[in-house]
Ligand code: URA
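Just one chain is shown here, as structure tokens, and it is the form predicted alone.
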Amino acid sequence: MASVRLNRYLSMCGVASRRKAEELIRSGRVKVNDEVVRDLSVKVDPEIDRVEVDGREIRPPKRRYIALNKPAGYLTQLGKAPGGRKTLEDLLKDIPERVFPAGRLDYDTEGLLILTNDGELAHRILHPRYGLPKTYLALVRGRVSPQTVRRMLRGVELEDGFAKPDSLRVVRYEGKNTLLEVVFHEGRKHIVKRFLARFGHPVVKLRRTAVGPVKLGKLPPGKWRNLTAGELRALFSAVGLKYKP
């Protein structure tokens, strides 16, 4: 791990949020190499420097990479939510590391979420510059014609800019509805729902089935699993990083 700001390091280690970590530093509760540090600009190298908070040594947590099948009816956040609505915290049990979702799914959307405490990987999963595709199955109202599929593949202007899927195809027709597979490499808010509604086919049900090379597979709703070494190598490579076990 390269040198990082002290408040960020404390946050990465699960001690506190960055803002709370700043308060700890200002109050003189943090030591680096046995010296009290109050300067917020100080950086530390976890492989060299010894960091303590209230006399307790702080070490980087074990890196954790988790795939979760989020059911509909859960907020993509940790901790408690107003109104008693369920959050990811209700699904994540027996995980000692403090992980966070690399992306989000709407309250009524289900499917694959990757959670990790690796900030650099999470950033690259989220940022459209790295082009990591996210694959969705969308059940939409109406029968989507081949002509409409061709129009969709050309893209359309939305209220926040042009949107064009990486790929889109009809999986099957279900009565008066259509099941589509849609791939986008960007994560603008509600982009799949807004895009499909723009063509007169509002989404009835939405499920994310893959994030880059990581696939949801047969993971049951509400369950999580650790990513395999093979998935991690492929995921790191897809966003321009080298996986170090």
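This is a predicted model, so every value here is computed, not measured. Residues carry their position along the shown sequence, with the first being 1.
FYI, the form predicted together with this ligand isn't displayed, but the following is about it.
Enquirer: Could you tell me if residue 97 has a non-hydrogen atom within 4.5 Å of this ligand in the model of the complex?
Expert: Contact with this ligand, no.
Enquirer: Would residue 89 show up as a contact with this ligand in the model of the complex if we use heavy atoms at 4.5 Å?
Expert: Contact with this ligand, no.
Enquirer: Can you work out whether residue 120 and this ligand are in contact in the model of the complex, taking contact to mean some heavy atom pair no more than 4.5 Å apart?
Expert: Taking the distances in the model of the complex, the answer for residue 120 is no, it never comes within 4.5 Å of this ligand.
Enquirer: Since only the chain is shown here, I'm wondering whether residue 115 would be in contact with this ligand in the model of the complex (any heavy atom pair within 4.5 Å).
Expert: Contact with this ligand, no.
Enquirer: Please determine, with the chain shown alone, which of 156-164, 100-108, 80-88, 140-148 has non-hydrogen atoms within 4.5 Å of this ligand in the model of the complex.
Expert: Careful reading of the contacts points to 100-108.
Enquirer: Taking 4.5 Å between heavy atoms as the contact cutoff, choose which of 26, 43, 215, 193 touches this ligand in the model of the complex.
Expert: If I apply the 4.5 Å criterion carefully, the residue I get is 193.
Enquirer: If the cut-off is 4.5 angstroms on heavy atoms, which of these, 67, 180, 58, 206, is the one near this ligand in the model of the complex?
Expert: It is 206.
Enquirer: Given a 4.5 Å distance limit between heavy atoms, list every residue of 118-142 close to this ligand in the model of the complex, or none if there are none.
Expert: Only 136 sits within 4.5 Å of the partner.
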